[in-house]
Every structure is written in structure tokens, then in C-alpha cells.
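Before any questions on binding or motion, here is one chain by itself as C-alpha cells, the form predicted on its own.
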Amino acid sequence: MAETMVEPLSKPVQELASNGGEPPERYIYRGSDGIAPSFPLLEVPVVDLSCFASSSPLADQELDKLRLAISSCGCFQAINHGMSNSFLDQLRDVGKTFFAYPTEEKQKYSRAVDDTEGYGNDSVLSENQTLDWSDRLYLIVNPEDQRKLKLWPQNPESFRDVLHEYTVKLKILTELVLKAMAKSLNLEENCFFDQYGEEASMIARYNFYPPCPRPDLILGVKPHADGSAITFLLQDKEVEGLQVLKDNQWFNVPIVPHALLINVGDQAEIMSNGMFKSPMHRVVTNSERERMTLAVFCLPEADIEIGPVEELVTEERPRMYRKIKNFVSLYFQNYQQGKRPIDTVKL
């Protein structure tokens, strides 16, 4: 059973940042992995998605690249995804414009204390919870009949249309990527997509990270792996911040301005019987520049049971995870307690 909230919504981080002074104690990260002054750069493979959409002679080469990427670091930079640079810039611009509005304007779209959807920041579930140095706008975008349009900003005027168009395009890409993931393991192409389901959910989250006076002590987002099947991240064009854990070492993820960073979530790791890795990642802060990103989490239908594809269960690689429905509800209970949700379904 989920824990209940212990206090009302915390102040917008933007407000704390503009007030100056020392950040509240609750934002200080006390993890044993620490925040070092510098980190190595992760070599994230670049994969050409257009090769999967047609019978390209390069398809096999790109499938190999895809398989190696998501079975080692768990993510890749997707290029030739069918979206223009100007459209991706528009997506960033509507988000930046929204977060630049006065607090009163943004608070028209505030989330309820017992909900995640809308404008706000961390759900506060316990008194000793470390808070993230970020404000968010969190919206269910698919299925369309589940959208709460009262939480979708009306300013800037183009916000709703741009986000809707992005959702439509990502729905097509999700199918393409899940089928390519299956083909990269020489499996029937629908085996992951069938578990994902026609009525799967997509949740968009604009993340805003104001400058932070103590980047040596405070994280934009705590270490976690995603509860999705896959996640699409549109990075800030100029300001790095995302880090991925590989071989027990944190690495900075480079920016490829008009690529989409795609990472595997826990549910695809389960379906692949651990062949694909759902990477632990976090966001570091910096003292000089604000940063904004847009993440879209693609979540299998809650009523569909997911589990390892039978062909991937062998004597050499026994079944690693039990079958489960509605992994996301389990995910949130464990994540805020600092536990790795996927560990609870390991056999």
C-alpha cells in the first residue's frame, strides 16, 4: 500500500533559487556515491531510426548497434527520427516559456497534494525524504481520453498543439523501437510490442532545473531507473546534467542537440529477461545556468501481464523475473522509499 503524504506541496524550486541564500537541508543529497567535481563522458551510441522504417541495407548494422547500446549502457541517441530541428526547438520553447511565467500563472495548473499530474515538484511521502532541485509539469498524454486538459497550459498558446503533435509522432516511434529491439535479438518483431499493448500510456514531463547554489551537495533528480518500457528524452540544447551509472561509475551523457535520447525502462528489462539494461541515472545541478528537458515515459497497458519472452528463457539464462501487471503502482511505492522497484519482481 502506498504511503500517505505527510505535508503539503513544497515551494517551487524556482522561488528558492531566486531568493538566494543557502538551500534548505531537505535538498542535500546524502548518497554514498557523492557528487564529484567532474565526471567522465559516456560514449552513447548514435542509432539511425530511419533504417528500421524501411528495408535499408544498413538495418542489420543499426540493429547490432541498438542491441549493444541497450544491453550495455541502456540508452542510445536516436537520429533521423522524422522530426525537424525546428519542431524540436518549438517543443523546448513552449516549455521554457511556461516556466518563465510568474508563479501565479503556473500555479493555475498545480497538481493536487495526492496526485502527480500537473505543475509542481516532488511528492513528499516521508519526513526524511531528500527533495530534488527541480520543478515539473507532469501530464498524461495517452490514451487521449485520459488527458486532464485543465492541467495543460493555455499559455503559451501553441503549448497544447505542439505537445499533442509530439505525442502522435512518439506513438509511431515507440512501435518502431520496440519492434527493432525484438529484431535485434532475432525474436519475432511483435513480442515486446504485444506486451506493451494498444492502449498503453504515455506521460510527458517537462523538467526545469534552476541554477543551484550548491551543485556539490544537491541533485536535480535522485538516482533512479525508469518504470517505463522505454523513455524518450529531449535534452536541453546547451546545458548538460544527465548522468548514467555504468560499471559502478557515474558518467555525463553528452548532448546531441536534435537527437532523442532513448533509454530502456524496467519493464523492457523484465520483458527481455535482463538482456536489456534499465540504467540507473540522475541529474546533477549547476550554479550558473538553468536547464530544461522533456521526458516522455511509455508505459505498457496496466491490465496486460508482462514477463520475460519465453524464447529468452534458457538453461544458460533462467527466468529472472516473475510476471506482473501494473508495474507502475509497485514502482512508485518503492522508488520514494529509496528501493529499486525492479528488485521486487526478481526471482
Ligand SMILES: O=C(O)CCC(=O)C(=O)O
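All values derive from a computational prediction rather than experimental measurement. Sequential numbering from 1, following the sequence displayed.
Omitted here: the form predicted together with this ligand. The next part is about that form.
Undergrad: Name the residue from 183, 147, 224, 277 that puts a heavy atom within 4.5 Å of this ligand in the predicted bound form.
TA: Flagged contact: 224.
Undergrad: Just one of 29, 52, 321, 297 has a heavy atom within 4.5 Å of this ligand in the predicted bound form. Which one?
TA: Selected residue: 297.
Undergrad: Within 4.5 Å, heavy atoms only: does residue 205 come near this ligand in the predicted bound form?
TA: It does: once this ligand is placed as it appears in the predicted bound form, residue 205 has a heavy atom within 4.5 Å of it.
Undergrad: Quick one: does residue 141 come within 4.5 Å of this ligand in the predicted bound form, counting heavy atoms only?
TA: No, residue 141 stays farther than 4.5 Å from this ligand in the predicted bound form.
Undergrad: Taking the shortest heavy atom distance, is residue 47 within 4.5 Å of this ligand in the predicted bound form?
TA: Outside the cut-off, so no.
Undergrad: Does this ligand come within 4.5 Å of any heavy atom of residue 133 in the predicted bound form?
TA: Flag for residue 133 set to no.
Undergrad: Of these, 281 to 289, 305 to 313, 31 to 39, 55 to 63, which stretch puts a heavy atom within 4.5 angstroms of this ligand in the predicted bound form?
TA: Of the stretches listed, the one contacting the partner is 281 to 289.
Undergrad: At 4.5 angstroms, heavy atoms only, are 209, 233 and 293 all close to this ligand in the predicted bound form?
TA: All three within 4.5 Å in the predicted bound form.
Undergrad: At a 4.5 angstroms cut-off on non-hydrogen atoms, which residues of 36 to 61 are near this ligand in the predicted bound form? List them in order.
TA: Going through 36 to 61 in order - heavy atoms within 4.5 Å of this ligand in the predicted bound form - there are no hits.
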